Each structure stands twice: as structure tokens, then as C-alpha cells.
Ligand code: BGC
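Starting off, we have a lone chain in the form predicted alone, written out as C-alpha cells.
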Amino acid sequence: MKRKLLGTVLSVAMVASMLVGCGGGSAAPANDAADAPKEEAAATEAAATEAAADTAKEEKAETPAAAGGAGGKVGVAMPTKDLQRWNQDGLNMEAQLKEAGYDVDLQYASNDIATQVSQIENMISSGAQVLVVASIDGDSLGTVLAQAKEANIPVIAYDRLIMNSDAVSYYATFDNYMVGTKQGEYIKEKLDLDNAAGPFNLEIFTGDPGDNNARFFYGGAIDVLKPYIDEGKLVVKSGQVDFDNVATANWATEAAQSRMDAIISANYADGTKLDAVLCSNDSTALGVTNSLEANYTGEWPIITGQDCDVANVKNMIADKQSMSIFKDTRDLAAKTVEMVDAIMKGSEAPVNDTETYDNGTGVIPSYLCEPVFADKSNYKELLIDSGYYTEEDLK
């Protein structure tokens, strides 16, 4: 484009020069000869002005779409409404983005990958300037996000890291390895593994293998507990320890319950005591609890969880679940809105981790919020006094 415009300028100048030359060799009136240099200068200036205008248009087209400031459109893609936490994440995000002056396209995909891909395509085609995506499967969005990159639309991976895509600009999440670490440490402290003789029986439930976070949760907890498993102080009677054996498709309560039914039948139906169940989140913990209530007659085990869903907090109050990691989605939504706002205004988004999260194309600059654990001793302070729930919610 720039070469073509430069050629136009030169051509105009050349034609003007030729006209001057012809006038000098003819019997043209003196006034025409005197006006020729003026006409040449005017033609050259007009062409240059047109070239500059077209260049400005070209440079504007090359500027990332997100550099528009407040009032732009933000696409927010959430995986499902089936889990309470995603409803809270989506609503918190939508409310805070609207308060900041942005138009929000919030979509839930019913845990269907094709639906999420279609929703993101529609966000791109309808003019979204930034995408915030909580993926169903971190490896399944490469093609559609390539479209976003081609359109200069920045992508923030929300809570779940999107893998193997160089279209991901930032990652906003909680410290997922720390989530697992806190769960493992809770079991370690409650069983007093450094001092008690043991052995203690443990079973393990983590999340969906397509969710990259599940591996961080699992890794953080296993790094705490594996030394005790290796020395025999913790015994996994089912023999199911490796990630692939303890993963729960779609984090489904029913899948966790069915697997726990089988474990109890094979290992604990004779009255053998189960001391602890490491559950990576509340939906799997709920399935484990349902199974124990139906099939287990021994002393109630320690059960971990994550998300502080209403049903699980009620179980904590009733001594059916020991703890749940509290990730205040209001904080994560607020930080994500800060990141969106920075991008929209053409600056760098705030991050606090540039080493941990490699999605297969490189390390993604991340902002990690810190999780805390809630149990019966502190849930009122964390959940009710903060306004996250009301007393009525938990009755």
C-alpha cells in the first residue's frame, strides 16, 4: 500500500514536470508559464496529503482492536451453569465489567466443546475487543483462538489455562498448586502424620483430565502426601494413586459417587476404617459424601474440597465435610476486570507470575490470587461476614 502511494506521488510530480517542459518549448502565454510551478506544487501536495491520509488509515487498521478504552465489548465464555462456582464467576465478571463501562457478552456452553467454540466465534464476529475464556477443555480451542489472534483480539484465560495456543495473552487464576498444597497439609495436620504411628487409609479424587488445573491441584496435594504414602504411613487400599486413575470426568458428582461406591465395596465394606479422602473440589467431595452416607458404616473420614459451594458448606456445618478451599470469585473477577481495562487502554495487564504456567507455546504472564481454606471454625468469618453468603443461604 505504501509503495503504491509513493508511486502515485512520484507520477504526479513527473507529469507536472513534463507539463512544465512542454510549456517552456511552446508559445504559451506568459501567465500559463508562471502558473505551472504553482500547479506542480499543488498537485504534489494534494497527492502527498492523500498518501498520508491513507497511511494513517492503514496504521489504524494495524492497531490491536482492544486499544479502544472504556465502552468496548468484552466476550466472556464460561464452561457451564451446572456448577455453582461458574454461575458466580460469570455473574461477578459481568457485573464488574458493566460497572467499569464495558458491554459484556456472557455465554455458558453447557460443558459442550463445540458449543463453546461456536460461542467464541460469534463473539469474534460480533466485535468483541477482548475475550475472557474459562475453557471446557484446555486443548480444544486452538483453531477458534487463532481467529481471535488474526483479528488482533487479546485473550485472557480465566481460571483454566488454555493449552497449546499462542493466542493466549494472559492468565488470571488462583494459585492452583497452592490449592492442592493446602488440601494436603490439612490432611497431614489433622492426622498428625509427623507424629502419629499410623497407618492411615486414604483415597484420592481429583478432577477432569482435560482441565489443566486438575493436575496442579493433584500435584500440590501429592507433593505433601506422597512421602507418607511411600513410607507406608498413608495407605491407599484401592491402589488408585496415579492421576489417570483418580481423575473424575467433568468433575461430575455422579462419577465420583459411582467410583466411591466401588471403592467402598471392594475395600471398606468389612468395617475397615477410612481415615481421609482427598477431593480436589466440592462436586467430587459431594459425590464421595453421598456414597459414604449410603454405604459406609465406620468412623467418618476427613474430606477435603474446593469452592465452598452451598451444599458443601452445609456439609461442613454438619461435620460431613472437613474443609473447602475458598476462592473468592469476586477477587478474581475484580483482577480480571483490571486486566481487561489495562488492555483496552493499550497498556500491559497487571501480573505477578511470569514463570509457572507454560501452555505449550511459552510461559503465559499470569495473575495468581491466593486461596484460603474454610472449615467449621472460620466459615462464618470468611463466607458470611464478607457478604459472600447470608446465614439464610446456609440453612
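Since this is a predicted model, take the numbers as computed values, not measurements. Residues carry their position along the shown sequence, with the first being 1.
Form predicted in complex with this ligand: not shown, discussed below.
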{"property": "Among the candidates Met178, Val117, Leu83, Val104, the residue which, in the model of the complex, approaches this ligand to within 4.5 Å (heavy atoms)", "result": "Leu83"}
{"property": "Proximity to this ligand in the model of the complex, single hit among Arg215, Arg259, Arg160, Lys182 (heavy atom within 4.5 Å)", "result": "Arg160"}
{"property": "Partner-facing stretch of 316 to 324, 236 to 244, 152 to 160, 188 to 196, counted where any non-hydrogen atom is within 4.5 angstroms of this ligand in the model of the complex", "result": "152 to 160"}
{"property": "4.5 Å heavy atom contact, Asp211 and this ligand in the model of the complex", "result": "yes"}
{"property": "Trp251 within 4.5 Å of this ligand in the model of the complex, heavy atoms", "result": "yes"}
{"property": "Residue contact check: Gln306 to this ligand in the model of the complex, 4.5 Å heavy atom", "result": "yes"}
{"property": "Contact of Thr289 with this ligand in the model of the complex (heavy atom, 4.5 Å)", "result": "no"}
{"property": "Neighbours of this ligand in the model of the complex among 279 to 303 [non-hydrogen atom within 4.5 angstroms]", "result": "Asn281"}
